[in-house]
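Only one chain is given next, in structure tokens, and it is the form predicted alone.
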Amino acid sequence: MADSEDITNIALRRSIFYPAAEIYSNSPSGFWEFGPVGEAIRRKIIEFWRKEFVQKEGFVEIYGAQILPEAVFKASGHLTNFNDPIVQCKKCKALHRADQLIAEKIKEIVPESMSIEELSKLIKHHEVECPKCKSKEFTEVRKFNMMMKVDIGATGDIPCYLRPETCQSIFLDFERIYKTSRQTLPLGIAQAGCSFRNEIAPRNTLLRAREFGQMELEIFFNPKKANDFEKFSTIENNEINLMLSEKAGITPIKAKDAVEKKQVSSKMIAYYLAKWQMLWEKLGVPKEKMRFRKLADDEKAFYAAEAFDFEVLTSLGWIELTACNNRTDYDLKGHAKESKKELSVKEEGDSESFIPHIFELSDGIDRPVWVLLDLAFRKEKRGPEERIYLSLAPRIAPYFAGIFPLVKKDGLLEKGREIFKELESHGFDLVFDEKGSIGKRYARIDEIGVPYAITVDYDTMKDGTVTLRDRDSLEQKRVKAEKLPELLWKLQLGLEKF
């Protein structure tokens, strides 16, 4: 596992991610861009999520607007409740999030529901210092709304906001999607896109930014039928890493037992928690480094009746990747009231209409990129040399293999391009590199997590074999070039070991 500086260094060195508008000295913090390697990793995370959850679970996907009218956020509660507690150092005038300052001092989670008066008292009681100048003199804590306002129209008289989360479009579109998709409840609607929050103090690169990617799933369901869920039997014996309290620690428990003991409110929600855990295992997160931390009443978001944070253990400690919230009928009820639109439904065979409840799996995109890089980072001594590489799961590596002609003469360059085109025609993501020593080329692709290297050498011209090299073990073997498509396909699907 790396430390945060290791990830930043390799990200900048290989253009995985870097600050937006970095050539300008006055560019604001909290905005990041992804280079070719980072965007490939990011895209593959989304594609895998789309395949495993959207397609396999029979969900539908939308693409919603990033700017929405003020009334939407009045109905959602964001204009009154989407606040962070802010405090200012009296000496250096630096602004900080009050809850984070306190948490860093006492090493405990500060509940979201804590009042600004209570936060001010804690800062004084624990003699919290300003991280910049070490002063202990702060202003009183006040609320800061994180919405980013946008004035629309030539006269700027149409107040709108950049969305702080992608889910509001899903709630607004529910009625249309339910009527036109010809699906029954539970109905999952998914969306991947950007969200915007005016963070007080962006930090840790991708972990807390002002513009960030989200891939959200909103599952609309009948609360009376949440335990009448056929697919639950397929995972009922799967263990979920639940953490009900700090004192209890992580307790792996079978999904069926979690429901029977009321640790999870329904079979439907337990099913999706189990499937979510399986998704991240496939993306390369060890099971022992993940947990669903159940939030206490004073920690939950204002709209949640039941909430779990899916967290992963990294070099910076436990990092939240996914908010798993039982939002009940809060959202549709609020939008129905504000828009004066009827959003209740009536299921076939039922006489009574109702407003669907919603279970949410709200995940980042950029934050998982950082976490997966952190877990994949390797640094090891090999004699006098230090080797650095990313042991990324092949399904999210930017390329599956690199093709390297040993030299550019004697037909090796042309042969290498021929093999590259043949493998590319089979759908493999490949990188071709003929520049520099073979050792440096290996090191370059190791640092961006490419699982395999294929070297075309003089023996290739004699017997048609190439050298296939494994990133993690550094093992090499000779393989017939004509056998590469089938072998790489099996390696990609995990049907064969190197």
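Values in this document were obtained by computation on a predicted structure and should not be read as measured data. The numbering used is simple: start at 1 and walk along the sequence shown.
Another form exists, predicted in complex with another copy of the chain; not displayed. Remarks below refer to it.
Screening 192 to 200, 316 to 324, 273 to 281, 296 to 304 for residues having heavy atoms within 4.5 Å of another copy of the chain in the model of the complex returns a single hit, 192 to 200. Contact annotation: C160 falls within 4.5 Å of another copy of the chain in the model of the complex, judged by heavy atom distances. For F31, a non-hydrogen atom is located within 4.5 Å of another copy of the chain in the model of the complex, even though that partner is not displayed. Using a 4.5 angstroms limit between non-hydrogen atoms, A481 is distant from another copy of the chain in the model of the complex. At least one heavy atom of I62 is located within 4.5 Å of another copy of the chain in the model of the complex. Checking V150, L79, M114, L185 for any heavy atom within 4.5 Å of another copy of the chain in the model of the complex turns up a single hit: V150. Of the residues S169, T205, S266, S362, just one reaches another copy of the chain in the model of the complex with a heavy atom at 4.5 Å or closer; this is S169. Highlighted residues L95, I177 and S339: every one comes within 4.5 Å of another copy of the chain in the model of the complex, counting any heavy atom. Residues from 408 to 424 that approach another copy of the chain in the model of the complex with a non-hydrogen atom within 4.5 Å are limited to E424.
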